[in-house]
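Below you will find one chain, with nothing else, as structure tokens; this is the form predicted alone, and questions on how it binds or moves follow later.
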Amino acid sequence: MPELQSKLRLPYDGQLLIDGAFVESESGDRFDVENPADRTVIGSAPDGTAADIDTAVDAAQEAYEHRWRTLSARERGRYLFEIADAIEAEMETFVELETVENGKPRDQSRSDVTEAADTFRYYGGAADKHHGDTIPEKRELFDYTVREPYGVVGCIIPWNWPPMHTADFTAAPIACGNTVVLKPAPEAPLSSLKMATLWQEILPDGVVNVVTGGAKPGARLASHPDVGKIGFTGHTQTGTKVMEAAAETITEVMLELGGKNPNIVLPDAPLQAAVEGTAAGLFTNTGQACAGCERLLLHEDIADEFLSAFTDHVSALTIGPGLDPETDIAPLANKKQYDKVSGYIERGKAAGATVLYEGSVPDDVDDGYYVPPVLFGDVDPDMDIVREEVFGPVMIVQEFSAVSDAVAMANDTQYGLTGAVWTKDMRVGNRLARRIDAGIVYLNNYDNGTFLGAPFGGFGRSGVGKKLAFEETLQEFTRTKTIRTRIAEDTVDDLDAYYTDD
């Protein structure tokens, strides 16, 4: 395995960030973090508790009341610009830290870290550009609205894009005037803890607080009565529990959840582009992407040709550690995910699905959490591998004969995050895109990366709310207040009358 080529030193052992200070957990316990490429321990983090969350929320509330809400939006924006610059100054350290804690190829990590810096810069610029409305005068009254922060925002993020999710759920909230308590996933907390070192130097104390750990601190954050808004990205079942916990205190939630996304290839599709785009949509982050394509819907006229070209393309991809520049498909991010994806593959075989293609793990890679690509055909619509999100390099294939059949198959899911259509006829493509029940539809591409300014979020059990947008996301982290003021009498013909004593 190639050696690290940056200033990153392992093991990387972080601490909680609470009220501007690095501290150990109230429990005094820590947990190890593995490199999924070889299962070696690369660092550790404090095993936070509910009491740590309480302390962090108190600190965030104090910072909101006395240090952050009093700043102008433009002043807040300057802090975010400084964070973006600081991330870029330590780009390679962040890149390699994500690669060893998550496992993904280094070039994908670099894209993630770049996006994290861009996110802080984007919302730094957006901070002073989000305004209320004015309402026409009625009688002697004049109404206008202002957008105000919630106060403390609690954010719970997953392990699949650590730097990006860290930025997604801190940049926009603090740009809007909120303070944040962030709970990273225990499988990949190191990128967030590294970013905390920048926040400690740049932000006023308590504006962003970080508590690592397992389920207990996350559950406490979701149910804390002093948290004004919850942001969550993760599995739909966990998101349901977060929503239930938040309901106890009538706390608003923003949920980015799972997907079982259809990728429709019509008979006139640009074949090679569709093959390469489908592979990118499936294998980005080794399939551990809520927006990735797990369902391939092929028109029967081109199914054989497409599958032949696709399996040729996949068989040429390289499986290996993320630090190897030749790697196309890296290990899964952790043992729990490895067991889950491996289980789905075995269940698919046991249910009678046909294995159209199954790769193999090279003998010369380390003993990591590697799962080769698997393509299933002859599937029944009720099979688990068709209905449930696998979140790995596994895709099912279904054929259709009419576009109406493709629409019905695409929408036969509880999810509604993304979908894709491949066709040379853009009239058909745009019409079909309108009929797919998903928050994002790709036409002749499957670029499931994020685009700042474009709303990202789904329908149905894929979540509620939109991140990464301008107006929609700033609305997520602010609330509307109407102010009604008496300004004048109905008759304004003689303005001098206002200064004339009766």
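Note that the structure is a prediction, hence the values are computed from the model and not measured. One rule holds for the numbers: they count along the sequence shown, beginning at 1.
Omitted here: the form predicted together with a small molecule. The next part is about that form.
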Test of understanding: in the predicted bound form, would Glu96 fall inside 4.5 Å of the small molecule by heavy atoms? no
Is Phe376 part of the interface with the small molecule in the predicted bound form - any heavy atom within 4.5 Å? no
Does Ser342 reach the small molecule in the predicted bound form if we count a contact as any heavy atom within 4.5 Å? no
Considering non-hydrogen atoms and a 4.5 Å limit, does the small molecule approach Gly259 in the predicted bound form? yes
Which of 233-241, 140-148, 71-79, 322-330 lines the interface with the small molecule in the predicted bound form (heavy atom within 4.5 Å): 233-241
In the predicted bound form, which of the listed residues (Pro163, Pro189, Gly218, Gly419) lies with a heavy atom within 4.5 Å of the small molecule? Gly218
Taking 4.5 Å between heavy atoms as the contact cutoff, choose which of Val207, Ala246, Val275, Ala185 touches the small molecule in the predicted bound form. Ala185
Does the trio Ile157, Lys336 and Lys467 actually contact the small molecule in the predicted bound form, every residue with a heavy atom within 4.5 Å? yes
